[in-house]
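Only one chain is included here, represented as structure tokens and corresponding to the form predicted alone.
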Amino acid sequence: MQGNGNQFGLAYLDASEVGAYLEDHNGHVLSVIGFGREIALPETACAPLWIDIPVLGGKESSFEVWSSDAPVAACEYRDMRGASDGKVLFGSVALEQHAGDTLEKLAAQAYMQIFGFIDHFGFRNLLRVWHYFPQINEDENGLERYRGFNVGRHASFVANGRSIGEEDVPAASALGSNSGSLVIYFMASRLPGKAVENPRQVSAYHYPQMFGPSSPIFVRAMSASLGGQYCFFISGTASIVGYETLHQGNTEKQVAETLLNIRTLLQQAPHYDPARGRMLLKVYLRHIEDLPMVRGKVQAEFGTACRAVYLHSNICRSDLLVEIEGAYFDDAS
């Protein structure tokens, strides 16, 4: 991070790195998300959010840490906690699924809490949302759990007067965890970002009903200037053209299609310049054995300067074998 008070940063850290990083950024940490095996963190850190998804590449844990040059203050409202540097607001919600609950119900409840939280603090505009929950591709009351989740999310958007279109829809991703609650974390701002869609793909919120009673609610990417720093958030991206999965059963071809979709999005990012900015990726693989091939293709596309973490996860469609999300920061802005 630069020292002009405008930068906010994202770091993907190993277990050996995270403690010193959190101590160095004490009072400036917006959010800490841990993947893999839980470990103790310094008391200076805000409470980490743990996601039960294994980390690949010989690592037991990986940490996603969002921080700001500006001082960070805790934000609490009703049952939710978060943090803000005045430019962005981070928050999270974790809901356990009890007997008789459906994921549809939990999704609606979670989003009602999220909208109440961001509206209370005056950060109405969701920029980026991450969703994780177990058994994402399994059936629940005759409907795939991911599709049930979409029904609940849609209902809450409508109930809160949010439009199902570029004006109110964030960049987002939804992945399967091994166990635990429905976990959602998010970033919101006072001013809206600019939604970016992929001309190779149908907007997710316009998907036909063959993908469920309610369409997914996300844009393919979000462009934003936060405190003067240019940021570009890439939603979970996979081998989809139009609205159909391509290259079923072929991970290598799916990775190539996914990278082409990301390249297409980056062509629309007005300040994207890999020579002066930072690109960070999370890569989700359905099959562990695909790691060497996928990592090689990602490094060939973005170079070794790009920090990427690889996770073993089920993806929102059972025929998708890889999904990649990203965040780009222009440090020269």
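Here the structure is a predicted model, which is why all the values come from computation and not from measurement. Just count from 1 along the sequence shown to find any residue number.
Below, we refer to the form predicted in complex with a small molecule, which is not included among the displayed structures.
This chain lacks the partner; the member of Gln229, Ser223, Ser84, Ser173 within 4.5 angstroms of the small molecule in the model of the complex by a non-hydrogen atom is Ser173.
The partner is absent here; in the model of the complex, the one residue of Ile240, Ala110, Val255, Leu126 having a heavy atom within 4.5 Å of the small molecule is Ile240. Though the partner is left out of this view, Phe218 does reach within 4.5 Å of the small molecule in the model of the complex, counting heavy atoms only. Using a 4.5 Å cutoff between non-hydrogen atoms, Tyr207 counts as a contact of the small molecule in the model of the complex. Taking non-hydrogen atoms only, Gly236 approaches the small molecule to within 4.5 angstroms in the model of the complex.
Contact check for Cys316: a non-hydrogen atom falls within 4.5 Å of the small molecule in the model of the complex.
Only one listed stretch (84-92, 165-173, 117-125, 189-197) carries heavy atoms within 4.5 Å of the small molecule in the model of the complex, and that stretch is 165-173.
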